[in-house]
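Taken one at a time, structure 1 and structure 2 that follow are two forms of one protein chain, written as structure tokens.
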Structure 1
């Protein structure tokens, strides 16, 4: 990650906090300044153009009213009719020329009013009166054709509209200047007598257009009139002295502002003028002379103040940026300086020297920081000295402690080895004991079995000996011929009984032997096999009958059929044998009757096997150590204390299950064996 120096951060911050708002505000100010400037100028131009229009219109309407007054004056009407009469009689006659000369002198004053000529024209466009003889229309020429466009126009308007009107300016080659005409109809009793026309020179219009107030040198009034596809400038151009007033130019040469003005668009435009210069121009249309009037100023001229301001502000902006740069550089260095010596010092401390101190300088904070740095170094140096001593002492203590610990460890290892050995011894002894116990129980079993066998065999022997004795008696009787039918019958029935007895006891013997064989075989079976738990318990109970019948206990097998498990059947025999015999021996001591229930249920993948009795129960203190090896309450009467220990081992080790015992003294004991099954 890049880190910025204090100077650049300061520069950046100053730029943002000072320069950005300043820049935005000044940009806003500049744009509004520009807008106001242009708006003001537009407003100013508009007003001035309106003034110009009014001036021109006033001027024209003054001329028109002059012509109108003349046309209304009785003297003129009378003169006109006289001239017309004489003219129609003889246009070269003395009468006509006399009157003409006479009145030329009378109306000569009009040339002083700024008129070039005063003309009387008949409706058929013949000039019957003129102040000068120096007009361009030759009297020999046909009427109409001789008239210039402007003159023709005002005469036509007087005839067609009975209104006074004015023409626009056009160049007269004869007078070598631009002239315009003002015409007014002369009516006598509502009948059109003729037209009176005043010819106007362009001087006054020139004066009007040249007077441009305002402080901008480029301000100019341009006027032009359009005729068909031609147009003519009506006043001298400021920047193009070669242009002739009234001279016809093709319409496509019209610059945009003027074209706007002539086509009646009133307003302000930004466009190029006739020089190709960008201008701001107010455009006006003056209908009385069909003029387009443009009052324009060079845009550069107008924007001069703005451009100066813009230049100044850019310069100021750059200057301020430079100042900010300089200021932030100095400030940054000044602020960073105390830190430099602190950095040096901390580096020195890091490399182990603690003797350096800093000269406090800079701001209040850095001064305080330097002082506390110095204090810190001082205390560091102190701490370092005491620390060395302490470390030495501590090392010594630690070495001592370590040697002590090592000797202790050695002793521990030895005792551990001894313990292991005794453990091994214990284990071998335990297994020996277990084997012994197994053998002992097998021996007990065999003894019980022998005893059991003894009864039927004894009975069989007795019966066979009885049978033999009877046979002997029968033989004697037969030999003695004392054998009566009654005796033989009695005898036969006796033999039959004896044979029954014999048969029953021998069968019983056979069954006992086969059961015993089964138990013996399965006790030694170390392989897993599938068996039905209920059947297994049944056969076990049968084989245990010799032992169990000694006790007044009813043993109930409540295991439901069809619990098929795949396990070590021998272990089950041993397990159940031990539990059952244990219950017989301990639970019902001194009781007249009792009940032992064996039941089982499948719970998911576990088998829960319960062996419960309703005997006298086990006391709480014995319950806790009931599965410990060699724990017995009948040490004296031949208990080994290994029965339940074996059960515990079989359940926990071989079947990988769990055995729990619960007992309520006086009511009974219950063993619950839970182990996973593999069906």
Structure 2
């Protein structure tokens, strides 16, 4: 085991007594400094964000006030009435165009006040006055929007709520810049005469958002508005000049701070911005324009002072550790000198010299240690002689035990090898028997299918021969001019009967082939598929008709038609085929009549499939081993004992379910299969 030197021990204790308190105090101070720094920055961001919200609110309120003042002006009301009258009479007439041209010159002064356009709009949403004609009347309404956006949105609010409002900034292809609309209703005697709309650009908003005074270069104001499942930035981004103001973006690209702001959550969050950078952001909602405003700073810039202080603290901490290391090394070497001679003597004893002694010297503790060491070496020499004798005896015993164990292990290895060979042979025989059983079942199914096909095909051949003979006779009568109307009707009737007989038997043949092909395809399908359980059972029973009709048994399919499951159809064919044929062979042997019922039901996420008969039943002694491989009560009559074993393996291993059997001798047997399904 490794031991620490005296210098290491001194260094350890000095480190604990000096550095741990220093480290704890430094950590507490740094933690307090970090919390204070973040709290101050959050408070500062909140105040600055409130200031920006007020600036935007004041700007929007002034613009809305301008629009409202214009809408109440008697001059505007009179001009709107005149324009509307002439517009309704003849929008291409000289009177209307003259008034339009005169007042365009009068109201051109609004372009000097920062407005791009002045619009008069009728209640039917027709523009009858415009300074520039560079406006877009987009009535498209996105999913999730209560009102349309842009110019159509402010017109709707003025019409239906008689209130002044503003729209969000949207990119205008005509003006190649972002614009917004401010609308107010024009009322005459309390009735809506029309709507006046002012179009503004985003320059004022840009100045508000770009004015971010502070000592951090990463500070930025981001403003956005939401439209249904889309959003748009309302001011130019500082770090992404390619983003268009008012351009629609999918809402899943909305950063978390902006999402909080648009949702009306007021606060300060730590999250990622549109660049994916960690930021501290103050979120505010501007209700007058329904915008979200975020004032953010990069978290790395905010924490710069903290990181500088942290680096200085780490440097001082390492310097103190270096000084403690030098001091502990000096003291350790001074105190360790008396023990060096003892170390040399102990190494000699460790190499085998147990009769060595050392001279007691040094401090009181080292003197006592030397005396104790001399006594220990004497006792060690005696113990060594005794131990060598015991080791020699024990070695002889262990050698004998090892030889015995090796012989037993060789015998076990041979036995294990023989057992593995026996298991492999047994598994090979079982696989061969299973394949033989499948081929025998397939042979019986094919033989029955061929027998069923023989009758309709034979009838079809006979009918076609008869049809040909009747046609030949009819042709001869026609050529000999002996064909009368009575003879023609007689042969025509016989030909119709022959065609009907031929058609019915060929359809019967096609139905048999279709069912047989469906069974063959489904039994080779190794993938899951959706299927109707009742249709599958009907198809199976039709394909098994050549076998089941040999027995006086009525097979009833009581499965509801609405059970659609996603599973292995081939496995269902296999297990139901084995259960049905097993019942035919064992349950109704020697009986005059019987009934076999197949039903199913859904229980939560499980399917319960029941196959019950009223046959002979199974005795209790056979019931416990009915699913064991090669167990059969008809060993001398061709039974292999693998039918129900295959059913058990399909249910438990492939379908991951459970199968239960109950029987009363003389009354019948019931198989209940339960397994999870994917509906």
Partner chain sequence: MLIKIRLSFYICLFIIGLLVALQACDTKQNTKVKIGILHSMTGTMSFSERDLVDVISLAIKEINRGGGLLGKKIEPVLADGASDWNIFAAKAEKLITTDKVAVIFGCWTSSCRKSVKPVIEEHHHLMFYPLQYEGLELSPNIIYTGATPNQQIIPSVHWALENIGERVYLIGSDYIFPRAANMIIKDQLKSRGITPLGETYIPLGSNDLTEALREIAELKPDVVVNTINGDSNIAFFRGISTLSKVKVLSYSIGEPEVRAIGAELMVGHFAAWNYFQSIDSDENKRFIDAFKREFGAERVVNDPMEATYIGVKLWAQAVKSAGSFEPLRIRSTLAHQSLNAPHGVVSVEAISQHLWKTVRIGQVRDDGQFDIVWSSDSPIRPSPFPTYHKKQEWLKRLRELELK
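Numbering follows the first chain given and starts at 1. Because the structure is predicted, anything quoted here is derived from the model rather than measured. Superpose the two forms; the largest set of C-alphas matching within 1.5 Å is the rigid core.
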Structure identified as the form predicted on its own: 2
Residue 560: after superposing the rigid core, is there a C-alpha shift of 2 Å or more between the two structures? yes
Honestly, after the rigid core fit, is residue 272 moving at least 2 Å at Cα between the two structures? no
If you line up the core, does residue 179 shift 2 angstroms or more at its C-alpha between the two structures? no
Keeping the rigid core superposed, can you check how far the CA atom of residue 25 moves between the two structures, in angstrom? 2.7
Once the two forms are fitted on their core, CA shift of residue 14 between the two structures in Å: 5.9
